[in-house]
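Here's a solo chain for you in structure tokens, the form predicted alone.
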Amino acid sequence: MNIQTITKLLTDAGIESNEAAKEGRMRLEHFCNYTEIDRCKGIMPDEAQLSVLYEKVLERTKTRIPIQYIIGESYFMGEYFKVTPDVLIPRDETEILVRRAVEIINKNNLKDILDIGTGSGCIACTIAKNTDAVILGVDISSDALRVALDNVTRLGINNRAVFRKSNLYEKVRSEEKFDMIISNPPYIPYGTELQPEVQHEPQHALFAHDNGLEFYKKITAQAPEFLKPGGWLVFELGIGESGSVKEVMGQAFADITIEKDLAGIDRIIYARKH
């Protein structure tokens, strides 16, 4: 038995080869204490380590539970975040959203940020770590907020990222005003067939009515009430939704910009309040 054999188990189960190789490394480190440093030194995993890895990979191929839920954490923009099935797994596409937000915040010296649908808190925490802003993250799920609070503690930014249970703006006070509202909202249209791994993620954080536009419309409609003059609204985009979201935002926002991900897909949209 070797790493290649174990990786093939994953690819035969329908997991992409790049993801399978990455999973193998993550499992070795988590379950066998075999690190990248060991690999660089030319130290090979022994039979006992490979046997443990084999059993864990067999479980994975049967259940298709994402590796991040199995080990309880996910890597995002240089940090490991706690994740549970109560929150979405942070994805590479969301890094594009956060990097642009951090750039805008630092360039314009923005101080007050609202993260709607904060989930694990990965967006809020990463912004807090990389700017001087204070972030309020809101989410309808108490379980998700507990995960976000754990991540704040992990990163030591308790006074910079704070969280509140709220259905969108419901518990945001009218006197609270923000320089930026950012969101990676649910945007998958109901009825869309999901990959087996994604089916383990919280459905309320994935699906939206109105062909995926439900939360773009709701967040945009009230955003002007909670944004300071010239404030920013920043969204991650679902595939094929950029034109519709731009139309939704166009009534109250100017200088709308859409940016693509590495696959050439429209991935983020941002604009300023009129």
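Bear in mind that the values here come from a model prediction, so they are computed numbers and not experimental data. One-based numbering along the sequence shown.
Keep in mind the form predicted together with a small molecule is missing from the figure; the text below concerns it.
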Check: Can you pick the stretch from 115-123, 163-171, 192-200, 146-154 whose heavy atoms fall within 4.5 Å of the small molecule in the predicted bound form?
Finding: 115-123
Note to self: Under a 4.5 angstroms heavy atom criterion, identify the one residue in Ala205, Ile70, Cys32, Leu213 near the small molecule in the predicted bound form.
What the structure shows: Ala205
Note to self: I need to confirm a contact call. Of Ala128, Leu110, Leu88, Ala101, which residue comes within 4.5 Å of the small molecule in the predicted bound form, counting heavy atoms only?
What the structure shows: Leu88
Notebook entry, point to check: At the 4.5 Å heavy atom threshold, is Ser74 in contact with the small molecule in the predicted bound form?
Noted result: no
